[in-house]
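Have a look below at one chain only, the form predicted on its own, in structure tokens format.
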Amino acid sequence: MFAERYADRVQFLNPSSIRKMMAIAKGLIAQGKTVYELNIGQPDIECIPEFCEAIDKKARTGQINYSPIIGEKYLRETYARYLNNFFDKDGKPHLVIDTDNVLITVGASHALTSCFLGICNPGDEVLVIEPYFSPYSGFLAVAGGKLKAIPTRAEDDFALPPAEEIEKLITPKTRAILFNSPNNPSGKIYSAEEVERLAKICIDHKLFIISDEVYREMTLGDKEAFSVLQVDFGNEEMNEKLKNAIIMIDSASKTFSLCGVRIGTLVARQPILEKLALVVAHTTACVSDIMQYGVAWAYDAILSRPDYLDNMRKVYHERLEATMQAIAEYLPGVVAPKPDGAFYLMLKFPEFEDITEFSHFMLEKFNLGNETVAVTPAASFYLTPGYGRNEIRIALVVDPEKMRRSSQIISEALKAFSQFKVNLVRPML
């Protein structure tokens, strides 16, 4: 009804599968059911305490004000210091970041949406490596653009295809290549060679390279993330072209368990930031000054005590190990590549053609001792038809024992679902 009242872009905007499962889970929890919410990357780890102290201090001044459209200078300075230190502490060569290279946004989602609004016209395309964070599609649709997939497969450890295969996907409408490392949902960390491959393609075809690095600190083993800021072609002309192509996205959400604070950063050369800051100004006016104050304290804190992040990585590693052991015990037929980073696992169930119905059955019609599990059906993480239909994503967002329990519940739910399907064709009362 009244469809003609709405802009064409609205038809391309749909709630993500992550949020759909979240809404159902919250309703069931309100009814008294215990739901292990593995469908969303909301850590149960307490946020960094310095943030709370800073918020309290700022609130007591009684002054909560507008901030500059580019963000508060003290946060931009602190973030630049943090980012440079991230590389310098281990002696890694990198592009040095200055305050003028940092734009503050309302989370990484806003950073990406502002980026797409700033670089894409309606009908333009952005190449993305799949599987990818499904809300990317909506962020780009707001700008009238569309994603185009660079396919990868779990069986190949989600390795990038050769450069010539990627280049076949480029058209006159292509504006950028977007990648996320460590990757949500696969946990893949792209190698230095793979990141350099993407960067060279972008230079050769005059594209932006958008590097989503919100899980930079979330490594689950010995493999470390390689940033687009570390690429060095050993050629001054190529390096200069790369500097004019880089847009790097970051967020305080996962690093500090501050998902609801909504503070993100966008890193690029100043001429790029000046254009994208105009988008920020005309979509949000400015970012919350009190939240920026708290996040600045959080970045300051980890510069003085890096053990906070070391301990966090240890927590996620323990959860991963417990989960992998539980999958081997309770779900032996499941294909579960061990992730290198972020805090998600992609689980493939070969016996299913489409696992969506089972995911809803387990959440809404099954319990084991009044407990069940919310997961995310993985088809929404792919553009390629048929990909991901028998996969789910789970997040390592509860303690090891609850992760083990979740695997047990999934195992029992699979048995119950088989009987449920049999009963569907039998006479009912």
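Predicted model only: the values in this text are computed from it and were never measured. Each residue number is its position in the shown sequence, starting from 1.
Unshown form predicted together with another copy of the chain; subsequent notes refer to it.
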Of the listed stretches (360-368, 381-389, 399-407, 38-46), which one has a non-hydrogen atom within 4.5 Å of another copy of the chain in the predicted bound form? 38-46
Please determine whether each residue of 179, 229 and 306 possesses a non-hydrogen atom within 4.5 angstroms of another copy of the chain in the predicted bound form. no
Answer yes if any heavy atom of residue 91 is within 4.5 Å of a heavy atom of another copy of the chain in the predicted bound form; otherwise answer no. no
Is residue 34 close enough to another copy of the chain in the predicted bound form to count, meaning some heavy atom within 4.5 Å? no
Is it the case that residue 132, even though its partner is missing from this view, gets within 4.5 Å of another copy of the chain in the predicted bound form, heavy atoms only? no
May I ask you to check whether residue 195 falls inside a 4.5 Å heavy atom distance of another copy of the chain in the predicted bound form? no
Partner-free chain; cross-checking another copy of the chain in the predicted bound form, the single residue of 281, 335, 328, 96 with a heavy atom within 4.5 Å is 281
Candidate from 81, 313, 348, 262 lying within 4.5 Å of another copy of the chain in the predicted bound form - any heavy atom: 262
If we check another copy of the chain in the predicted bound form, which of the residues in 53-77 reach within 4.5 angstroms of it by a non-hydrogen atom? 55, 56, 59, 60, 61, 62, 63, 64, 65, 66, 67, 68, 69
